[in-house]
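Given next, in structure tokens, is a single chain: the form predicted alone.
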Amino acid sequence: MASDASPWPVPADAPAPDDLSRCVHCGLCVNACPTYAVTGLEAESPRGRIHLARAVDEGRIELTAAVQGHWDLCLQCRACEAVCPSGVPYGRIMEHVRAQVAADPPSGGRARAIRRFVLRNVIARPAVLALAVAPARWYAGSPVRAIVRRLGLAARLGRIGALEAQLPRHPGRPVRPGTRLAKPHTVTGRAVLFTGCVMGELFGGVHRATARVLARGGIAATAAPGQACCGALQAHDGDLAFARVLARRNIDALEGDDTTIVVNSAGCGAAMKEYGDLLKDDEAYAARAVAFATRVRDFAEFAATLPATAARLGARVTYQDPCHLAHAQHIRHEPRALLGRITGCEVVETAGGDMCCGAAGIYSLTQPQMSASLRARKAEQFRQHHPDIVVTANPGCQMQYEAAVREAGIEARVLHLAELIDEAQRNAR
């Protein structure tokens, strides 16, 4: 419950009034917002959600189930930040209002408690996550999957069937802290590959492709031991306290020198680059978090600085910007520049290529209808442009595009940018 002195259940993690007041309600964010594009409702726009937060902060309304519902429907894609002339830190605002909802939810308390338990005790615990993901990884690459699809069984399984459609086609063996990775013939530099949680378990092939691309550029990448989940999923769900625990673990594990930390998951990279903000009130970690964040580089951001390596791939490719790469990290040019180095690669831009696909971490589980609506928009674009390969740079997006390609009724492959570059480089050898 809110205290007598504050309208917020957790005043220490309340959205800052200065952040809220920066919004001048100009409306430039509205057309960039995916949920507004689908609903056309002001309350489902960034300025509408900020208006609700400001009204709660000023004591004009209470934090009700209706208010919570509008905040819950937000994807936290941060497309609004990219077009905001006032520099409103919308992502930070949403994390802090969700921290209030998480502390004292007006509705859905049981579901939220279960979600928090899973995010803390499954996703953030490597041994438990490995056991949980192993059956899905086996199924994704097994002949059983082809039989299930041929018989149309997945379509009858409701939400489980929807999740089946999102599984990657070739997950690859897991890559965990300490896993040996490809090494260059001649070492010109070193990097730490951030393995993450779900990324390392379900997208081991992406990690290995990343290491091979870096190795061809002379970079020896290591999956350094001790690293943990980045904390992005927990922070976006309002569990800022545990996100800080995970951030401290990563800082403890990976600080000590100036080695670049390469991250091939857009959401993880954005979260890690913002550790300084997450831990700004922690006297023991504030300065260390800022220093740590300066070492974090997205795969495309880092690979674009390496010498060009011969690459060839005759394919029609569409690149779909992950939200936390384009809007939070402001990395748009580098992925396209890397694709431009590939001989025979025809890059096709689609309308709304930088609009959220509806994956958004666990959003497809918590808001399946809105997620499906946004996925359908992507499927329509794929149907129109008929690419051979859909490329992105975030695990959740890859899974969402696997389902979108099936909905589009085309045979396109879905690849991470690192996988595509690795394949093209191997073709040119």
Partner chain sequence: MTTRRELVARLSALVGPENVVYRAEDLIVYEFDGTIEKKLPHAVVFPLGAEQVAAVIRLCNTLGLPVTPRGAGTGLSGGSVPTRRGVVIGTSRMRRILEIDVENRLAVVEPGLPNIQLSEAAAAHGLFYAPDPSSQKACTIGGNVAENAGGPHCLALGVTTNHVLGVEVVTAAGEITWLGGRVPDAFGYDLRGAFIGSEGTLGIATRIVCRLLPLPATVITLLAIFDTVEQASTTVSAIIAAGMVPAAMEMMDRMTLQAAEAGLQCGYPADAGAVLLLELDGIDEVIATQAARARAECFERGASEVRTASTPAERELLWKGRKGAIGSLGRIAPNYYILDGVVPRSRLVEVMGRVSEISERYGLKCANVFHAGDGNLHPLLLFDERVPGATANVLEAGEEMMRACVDAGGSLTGEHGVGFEKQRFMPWLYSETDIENMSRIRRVFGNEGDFNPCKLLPAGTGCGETAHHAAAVRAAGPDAYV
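Remember, predicted model here, so these are calculated numbers, not experimental data. Positions refer to the first chain, counted from 1.
The same protein also has a form predicted together with its partner chain, omitted here; what follows describes it.
K.L.:
Is it true that Tyr36, Gly48 and Leu52 each have at least one non-hydrogen atom within 4.5 Å of its partner chain in the predicted bound form?
P.N.:
Verified in the predicted bound form; spot residues all in contact, yes.
K.L.:
So if I measure heavy atom distances to its partner chain in the predicted bound form, which of the stretches 396-404, 379-387, 356-364, 27-35 falls within 4.5 Å?
P.N.:
Residues of 27-35 come within 4.5 Å of the partner.
K.L.:
Which of Pro307, Gly340, Pro85, Gly226 has a heavy atom within 4.5 Å of its partner chain in the predicted bound form?
P.N.:
So the residue touching its partner chain in the predicted bound form, by this definition, is Pro85.
K.L.:
Tell me, yes or no, whether Ala43 is in contact with its partner chain in the predicted bound form, where a contact means a heavy atom of each within 4.5 Å.
P.N.:
Contact check for Ala43: yes, within 4.5 Å of its partner chain in the predicted bound form.
K.L.:
Answer for Asp18 alone: is it within 4.5 Å of its partner chain in the predicted bound form, judged on heavy atom distances?
P.N.:
Residue-level check for Asp18: yes, a contact with its partner chain.
K.L.:
May I ask you to check whether Ala372 falls inside a 4.5 Å heavy atom distance of its partner chain in the predicted bound form?
P.N.:
Contact with its partner chain, no.
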